[in-house]
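The form predicted on its own is given below as one chain in structure tokens.
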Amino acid sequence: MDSIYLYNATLINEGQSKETNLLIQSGRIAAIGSSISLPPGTKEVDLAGTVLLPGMIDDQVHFREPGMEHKGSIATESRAAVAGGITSYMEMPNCNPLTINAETLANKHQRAAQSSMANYAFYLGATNNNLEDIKRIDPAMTCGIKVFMGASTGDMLVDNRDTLEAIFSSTPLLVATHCEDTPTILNNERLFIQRFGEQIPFREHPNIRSEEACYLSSSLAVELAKKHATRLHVLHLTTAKELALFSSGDTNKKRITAEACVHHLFFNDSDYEAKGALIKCNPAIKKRTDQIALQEAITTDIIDVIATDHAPHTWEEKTRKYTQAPSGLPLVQHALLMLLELVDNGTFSLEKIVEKIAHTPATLFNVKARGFIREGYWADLVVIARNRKTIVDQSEIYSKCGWSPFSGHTFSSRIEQTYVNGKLKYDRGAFPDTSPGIALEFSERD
């Protein structure tokens, strides 16, 4: 069926909510309006009682392939993403082998072209030794350069000032940074081990991965970006202090932008008592005052993008003591539901959420023909029932790790359908079309 007619939709798009109809043809949005002439054989879908949003573009995920498929794979994690209303994602380079040159980048594209249910893009990772690879990379092959300016695994930590200067000054691509100061973290960790031994309480995680560690690194990134006129995107801000480094306004007019992740907006340090390792992540979930400041920065457009930093680990790994339990949460399936709960409690408007999960990621990364519901754009859409609840059942978790920090939680909304490139990929617990998505394309930006 090449044509699909979605009618009686409450469309949330570009700051407006309106009742309308939409025709999909050949994977794209062919028409939007109250009166549309339908081609013969068009499939008709009544969306009465639901809201229709552009699909989420998640600019930060870890899908673990290649090399860590026991935690997750492109196939399993993209399936979970589609079930959560995420239609496109940008995946990180800290897998095995590291995605740090054209060959490993091409390998990921080949894997995704065969198994990713959502559309995809991949970051090229920076190391202290791959500056020439960064300079030579084809911009069409990557969404940006990922720089771990903080603790990471293997060779992904870039801690050489001269290397950072060279990266920031030489690449025309967006530089996305993880900002935490490693010496500060290691010193804090040593002090807490002296105090608690191996049984450090998880509530101390934000004191080890501290505000100071975050600010030292993010302020350095902003300093370098201003010095070299770099397109800088600082990932997963967690502190009120860091927000002073960024400005409010139109993403199109910024060279330096910021992202917040759903778990830092949803949780605060009071949740460690109940959740423990399940919400251990880097950078850490911090104080209630930081959470509120991040939420306000979304509303005032200091923060440009909301993402997930989806990072699955096995249950066995996550049940270890503090010093051995890895950081990261599986979030793609429930991220949009988390945000809708924050809409329900008055923290955000639904229009603002759509802006931060779809419009601004598309604008910031210059994604071609996605992120908005417009005629001629790809039909990446999510249908949500705002009056139907979702009870998180362990048996219905699609991420390969098989667990969620939300097991047993009841969300106030439900993802009904997800369309990727005009194909119905997810439909009320079923996956009627498992065909691969396609690589994101990017326009040039001045």
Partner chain sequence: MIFKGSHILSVDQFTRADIEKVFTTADEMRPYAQRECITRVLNGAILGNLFFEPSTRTRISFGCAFNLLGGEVRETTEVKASSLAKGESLHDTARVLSGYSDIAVMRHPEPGSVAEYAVASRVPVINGGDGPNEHPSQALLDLYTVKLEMATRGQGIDGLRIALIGDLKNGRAVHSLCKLLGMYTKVHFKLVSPPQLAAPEEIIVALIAKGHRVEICHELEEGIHHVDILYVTRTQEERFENQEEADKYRGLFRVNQSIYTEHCEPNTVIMHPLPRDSRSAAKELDEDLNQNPNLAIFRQTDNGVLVRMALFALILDVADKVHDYVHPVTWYTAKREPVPNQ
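Positions refer to the first chain, counted from 1. Every value quoted in this text rests on a predicted model; they were computed, and no experiment measured them.
Heads up, the form predicted in complex with the partner chain isn't pictured, but that's what we're talking about next.
**Student:** Would all three of Ile193, Glu198 and Gln324 be in contact with the partner chain in the model of the complex, where contact means some heavy atom lies within 4.5 Å?
**Tutor:** Looking in the model of the complex, the three residues Ile193, Glu198 and Gln324 all sit within 4.5 Å of the partner chain (heavy atoms).
**Student:** With the partner chain left out here, work out from 334-342, 117-125, 198-206, 236-244 which stretch has heavy atoms within 4.5 Å of it in the model of the complex.
**Tutor:** In the other structure, the partner sits against 198-206.
**Student:** Name the single residue among Gln295, Asn282, Thr257, Asn101 that comes within 4.5 Å of the partner chain in the model of the complex, judging by heavy atoms.
**Tutor:** Answer to the contact question: Asn282.
**Student:** Heavy atom within 4.5 Å of the partner chain in the model of the complex: which of Lys368, Arg320, Lys275, Lys135?
**Tutor:** By the 4.5 Å criterion, the partner-contacting residue is Arg320.
**Student:** Is Glu189 close enough to the partner chain in the model of the complex to count, meaning some heavy atom within 4.5 Å?
**Tutor:** Yes.
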